[in-house]
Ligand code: NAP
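Given as structure tokens, the chain that follows is alone and in the form predicted alone.
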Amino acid sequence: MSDLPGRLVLLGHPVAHSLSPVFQNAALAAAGIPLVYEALDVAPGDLKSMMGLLADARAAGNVTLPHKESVYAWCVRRTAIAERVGAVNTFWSEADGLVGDNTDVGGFTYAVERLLGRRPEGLRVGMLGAGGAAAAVCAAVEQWPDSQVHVHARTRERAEQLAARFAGVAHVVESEMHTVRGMDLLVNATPLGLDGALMPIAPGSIPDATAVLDLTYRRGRTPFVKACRARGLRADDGLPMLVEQGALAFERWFGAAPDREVMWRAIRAP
């Protein structure tokens, strides 16, 4: 992008909990870019009018739940990976309108590399959940050599629909136990485990050799991740994915990489 966006925003409902403004504003300050990254809580019924305002303002930004599919439909063009996922989490303005991308896919791959300490290939991945986050996981696994994802969801129909979209790599399994048996990695793509009241799967049932990546996040790690780590498992939450997808989005907006260390320091600050 040759010109700065008129606004830089995060669209979601709710968004007050998001750490994205913390690290994005730190990155903007470090780069000397005179913009403020705003979190906008936009109810679904208000999204249409907001998208019109953002288009007029030549805005760029990120999108979180529940708007990723809706903003996808608003974009006049989308990258190939956004088309594959069917959702947009990053957008910017060009002469003909809004352009959409999905940096969640790259963010997820980074989080897996960080957790496993190697490039992902030859992996058997078990996944709980079949929503939008799960589609990004499947799109990532599709790019990894000799890898497969085994999906279980509360609604079998949703799991089957996801597996049909990613027929080359995704398979439906009968129970949550089949997402950990013989798997290299378990991905929690559900909200369960965030508050500790319910766990997506009992940590004690996860084999020692299976690493765990929880796509939800909170400062200090989620209760599910803490419970897995207490059992001696390699486990992390979605914070590395969040920061990396934000860094990749920054590159789309400004054509240069942000200072990732500045971003991490910002969210580690008390």
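The first residue of the shown sequence is 1; numbering continues from there. Keep in mind it's a predicted model, so treat the numbers as computed, not measured.
There is another form of this protein, the form predicted together with this ligand, and it is not shown here; the text below is about that form.
Although the partner is absent here, T216 is a contact residue: one of its heavy atoms lies within 4.5 angstroms of this ligand in the predicted bound form.
At a distance threshold of 4.5 angstroms between non-hydrogen atoms, G131 is in contact with this ligand in the predicted bound form. Contact check for T79: no non-hydrogen atom falls within 4.5 Å of this ligand in the predicted bound form. Interface membership of G97, defined by any non-hydrogen atom within 4.5 Å of this ligand in the predicted bound form, is ruled out. Looking at 80 to 88, 116 to 124, 167 to 175, 131 to 139, the stretch with residues near this ligand in the predicted bound form, meaning non-hydrogen atoms within 4.5 angstroms, turns out to be 131 to 139. The contact with this ligand in the predicted bound form, taken as any heavy atom within 4.5 Å, belongs to M241 out of V42, M241, A60, V212. Screening V36, A55, L65, A30 for any heavy atom within 4.5 Å of this ligand in the predicted bound form leaves a single hit, L65.
Scanning 182 to 201 for heavy atoms within 4.5 Å of this ligand in the predicted bound form gives A189, T190, P191, L192 in sequence order.
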